[in-house]
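One chain comes next, on its own, written out as structure tokens in the form predicted alone.
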């Protein structure tokens, strides 16, 4: 089975899965949520590199043909290193998201995890695509834990999200990038809290478009039936219960014991 692998720290990658199933429903997907080590947004590059190597080694053993890194923090901090180390095409969220945003506006807000904000990856990618664009970033450290705990639509989360968005409203952004794959799971609340003219960009959609183009170029498109295999490093039951809200059904989820690799240095 030549899977398209998707990995994230937990539920956030379901937004990438949703986009992939919409655009490429015939592709079989291997989804991995690193729920034992969520969230990734405050992790160091060294930690994320170790996690990525373990996950990708396991995915290679399952027979992936392409991997989508469905985590903005990992895309920002370790994607290029992982691309050098593993043999299949591997795509991240930053470049597709930035390019989609500059097609929509010039005053661009980025909601992201602290590590993604600190990396400066989105401002670099946005200004590379459009040097005239203004970029304002807001770190949102509390959102991913709330979403993973099933508290995405509580008054507490709404109040917190409103405080994060206040900084972007105050500078008059015309476009907001969801710089974490968990954040589209709050899109309905975002729509209520942002002015109606502000465009909301989910990089997952642009990422999957890029993946489809890559599959075409490499002649790797699948022409049979799709389907999804779910694996997690934490509790399968907890992930399945939480994922039901976004998938509509309770998926079968397996517990995965990742290969423990010797920690290797980052190679420039």
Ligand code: DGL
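If you're wondering where the values come from, they're calculated on a predicted model, not measured in any experiment. Positions refer to the first chain, counted from 1.
Same protein, other form: the form predicted in complex with this ligand, not shown, and the subject of what follows.
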(message) in the model of the complex, does every one of 101, 175 and 203 come within 4.5 Å of this ligand, counting any heavy atom?
(response) no
(request) Using a 4.5 Å heavy atom cut-off, state whether residue 110 contacts this ligand in the model of the complex. (result) no
(message) residue 33 versus this ligand, in the model of the complex: is there a non-hydrogen atom within 4.5 Å?
(response) no
(message) I'd like to know whether residue 239 contacts this ligand in the model of the complex, with contact meaning heavy atoms within 4.5 angstroms.
(response) no
(request) With heavy atoms only and a cut-off of 4.5 Å, decide whether residue 38 touches this ligand in the model of the complex. (result) yes
(request) Name the stretch: of 21-29, 240-248, 5-13, 253-261, exactly one has residues whose heavy atoms fall within 4.5 Å of this ligand in the model of the complex. (result) 5-13
